[in-house]
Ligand SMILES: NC(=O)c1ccc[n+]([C@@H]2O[C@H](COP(=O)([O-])OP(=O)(O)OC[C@H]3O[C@@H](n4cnc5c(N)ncnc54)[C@H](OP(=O)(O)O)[C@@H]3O)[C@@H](O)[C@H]2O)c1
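Only one chain is included here, represented as structure tokens and corresponding to the form predicted on its own.
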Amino acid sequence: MDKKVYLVSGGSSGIGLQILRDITDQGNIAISLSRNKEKVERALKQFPDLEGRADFILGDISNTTDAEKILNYLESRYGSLNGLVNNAGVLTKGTIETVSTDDWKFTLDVNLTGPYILTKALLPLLKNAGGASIVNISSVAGLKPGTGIAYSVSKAGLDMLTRFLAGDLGPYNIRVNSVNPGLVRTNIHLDNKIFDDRDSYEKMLGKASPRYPLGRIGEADDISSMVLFLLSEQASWITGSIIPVDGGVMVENDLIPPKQPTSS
């Protein structure tokens, strides 16, 4: 069986890196696209087995020139693209009174305009795949306002982009879905300076856990397993779906009396 080719934006850290690893573990070709060379070096230091198994390329998804270069690279090296995971994103917090216009624009450029630009650029390869899958990594903050106005709006916009593209690209047999994680343990909060140190980050995770009916914060592989399902032929009749993978936080109800967890 021929190997399938998948591009993961933001594949050098967090959820994207887990998706990249899982794709290679399945014997398929995984390409990471990211802006940050240091994150690539960090990923290869953490997982040296990825050297030679995954292809790490640099580029800015919000830059149309970079997107065209990525298309040319994929065409010349691989000749096909079976799936695209729009995972790259930035995390910002703050209200309309505290978020600067520059931070607003930057957040929407990366989280919303970036997936639009990259998807548009790679359409020729996706259309020629004979059945491709696009998975957008959104957030529960796109379904219910979170702590950052720019982040929440960018993810709500990404969900609408998912719905629109599902109808727009369905005739080409291209499926488009969103995965909306709850709070997942990754480096994104620290990389984006939301927390100054790991201790304060871990304290936040501890305080947040009781809000999740399943009693724990998410891990990157919780999200990756859903993404790989949506990329696969097992999901061949699923498109336009907005899928929370969130430990139940979207249905959390503090009016329900607390229960003692059962032992496993």
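Quantities reported herein were computed from a predicted structural model and do not represent experimental measurements. Numbers follow the displayed sequence, beginning with 1.
Keep in mind that the form predicted together with the ligand is missing from the display, and what follows is about it.
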Answer with one of 143, 71, 90, 166: the residue that has a non-hydrogen atom within 4.5 Å of the ligand in the model of the complex. 90
In the model of the complex, does every one of 23, 159 and 175 come within 4.5 Å of the ligand, counting any heavy atom? no
For residue 152, is any heavy atom within 4.5 Å of the ligand in the model of the complex, or not? no
Are any of the heavy atoms in residue 60 no more than 4.5 Å from a heavy atom of the ligand in the model of the complex? yes
At the 4.5 Å heavy atom threshold, is residue 64 in contact with the ligand in the model of the complex? no
Answer for residue 129 alone: is it within 4.5 Å of the ligand in the model of the complex, judged on heavy atom distances? no
Quick one: which of 96 to 104, 81 to 89, 119 to 127, 167 to 175 gets within 4.5 Å of the ligand in the model of the complex, going by heavy atoms? 81 to 89
Taking heavy atoms and a 4.5 Å limit, what residues of 14 to 35 are near the ligand in the model of the complex? 14, 15, 16, 33, 34, 35
